[in-house]
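Starting off, we have a lone chain in the form predicted on its own, written out as structure tokens.
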Amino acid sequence: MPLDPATPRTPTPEGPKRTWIVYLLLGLFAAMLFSRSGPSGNRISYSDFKQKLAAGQISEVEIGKERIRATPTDETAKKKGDRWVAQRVEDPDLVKELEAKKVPFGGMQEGDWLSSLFMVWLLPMLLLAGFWMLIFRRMKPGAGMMSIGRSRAKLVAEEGTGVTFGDVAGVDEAKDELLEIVEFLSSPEKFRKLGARIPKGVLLVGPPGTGKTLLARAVAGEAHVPFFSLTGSDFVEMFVGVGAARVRDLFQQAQAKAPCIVFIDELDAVGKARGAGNMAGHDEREQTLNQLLSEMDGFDAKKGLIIMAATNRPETLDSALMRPGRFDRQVLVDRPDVKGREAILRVHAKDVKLGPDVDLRRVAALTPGMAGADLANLVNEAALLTARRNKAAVTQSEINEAIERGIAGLEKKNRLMNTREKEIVAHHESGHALLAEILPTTDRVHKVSMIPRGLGALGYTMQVPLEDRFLMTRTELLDKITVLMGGRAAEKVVFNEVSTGASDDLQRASDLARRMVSQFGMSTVLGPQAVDHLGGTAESRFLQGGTIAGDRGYSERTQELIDQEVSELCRRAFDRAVALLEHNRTQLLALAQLLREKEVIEGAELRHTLEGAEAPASLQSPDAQQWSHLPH
């Protein structure tokens, strides 16, 4: 499609053309009606025609397919041009009567040729032409088959993005990296005098929702240059060669608009490593990638053409894209820390009416791990909830509800549990909360609830970290696994039975134990080595590469040792959780009773209820001899 920005068009004199076409159609329609009206004359019935023929009042007869026209014998009427016209009736004796009366007769042309011409040829052609005119008028410019090789990039004119660095928060390091790009586009002579070469390409790398696209638009808005925006999938088409043609067309038009920015979102859709899992060496996607590599080598960066791209799967990109001269600079756009989350919340809350009790710093502390998109959705959900409650401003209550909805899912008020299930859930969540409070390295509990949420959560325990953490020790990880085992351990302590409610806890605990053994080198059997650098979760695979998923890179014996130690770590954590809960059985039962009565317990009330609960010295360390010994 054309990439030129929309400009006012000079009106074309289409009025006379349209009037002429209308008159032509009306004329053809009138001619058709005239041709189908039949021969002229005074209409009479067929019986009157037979009577006049018998009386000798007819001198000549013209016989057509549908009508009969007779000329009278009266000379005066004949001179006036009077004729009689009757509807033809199947009468085999008519010719005999005409011959008997010696009346000349012959055939008559009724004008069907013009009617046939209009109905069979002109009308269908006009309808077909009108149909295609309507289709092409509704299609966007350049959207036809003849322009299938044109780029689908959308062009935002200068100062048209409406986004600046003031609209981006929480990614200060990324903004500092991109300020150099803005400065070059704004004043390129400063760099040219020194012989400096600006990077041809900038790759924004980060998890989903961290603001990569927003950053690219902010760079264009700050530099006041045209901004081409498209996704990697826009190059992909079912026709061979179309993707490469679109790449060529994109760079041709971008160089004509330079200085400008070309932004390709989801670069991994077109830039995946060639040959990986692909038997064909020259498929459409690889041709498109080859053309992209060629164009990035060919254009002159001194003109001010900057290629920006974004991806959350950099490990899948072709190594040729990442070399210097193409995407020279890679900027990490990571999840924000607590200060960054507070800044992002302030940006999204500036148009929302907040109550005086709302503390955005506290909200930022309650939302660890959330990206910018998550925080924007949180503010919007709180505003929607406030509107449903007919309140004048968003309060902390609505924000807390929005946080819980984002973490645990929608509250299921209509999901009814029987008395036995409520007992199990109350003790299950109390087990998590009690262990989280008494173990020294775990995050403090913010809220405990036994109200069902989401698809399968019958209750939840919300922990809030006191500060952002980037490293965790072995002791902290083992304490975290112990807390995850707390729900099932409580069921075992109180009911001497276990339920299916701990399935998610067991999955998370097993995954964390496996990562300790295979990734973090915290194994007492395998020693300090990483045998599985891909890990078991999407987070662990981010920014990792070099090994194809499924290629373990270690032997079956090593796999057996990993499985053995993971099983032992989980078993020891469960036994430790049972021992801690047995030691604090009174507080566990008291907390479960209060939770059954109130359904939701906040942190302060929970700590008051658990007063006196403690972890004895023999159970505080997860690496004590009775917990850490493994057979070799």
Ligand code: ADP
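Residue positions are given as counts along the sequence shown, with the first one as 1. Bear in mind the structure is a predicted one, so any value in this text is a computation, not a measurement.
The same protein also exists as the form predicted in complex with adenosine-5'-diphosphate; that form is not shown, yet it is the one meant from here on.
- adenosine-5'-diphosphate in the predicted complex is not approached by residue 271, whose heavy atoms all lie more than 4.5 angstroms from it.
- In the predicted complex, residue 314 stays away from adenosine-5'-diphosphate, with no heavy atom inside 4.5 Å.
- When contacts are judged by a 4.5 Å heavy atom cut-off, residue 372 counts as touching adenosine-5'-diphosphate in the predicted complex.
- At a distance threshold of 4.5 angstroms between non-hydrogen atoms, residue 208 is in contact with adenosine-5'-diphosphate in the predicted complex.
- Taking 480, 212, 246, 427 one by one, only a single residue has any non-hydrogen atom within 4.5 Å of adenosine-5'-diphosphate in the predicted complex, and it is 212.
- Site annotation in the predicted complex: the residue of 407, 331, 376, 198 reaching within 4.5 Å of adenosine-5'-diphosphate with a heavy atom is 376.
- Figure note: of the listed segments 357-365, 382-390, 219-227, 343-351, the one touching adenosine-5'-diphosphate in the predicted complex, with heavy atoms no more than 4.5 Å away, is 343-351.
- Contact residues in stretch 169-191 (any heavy atom within 4.5 Å of adenosine-5'-diphosphate, taken in the predicted complex) are 169, 171.
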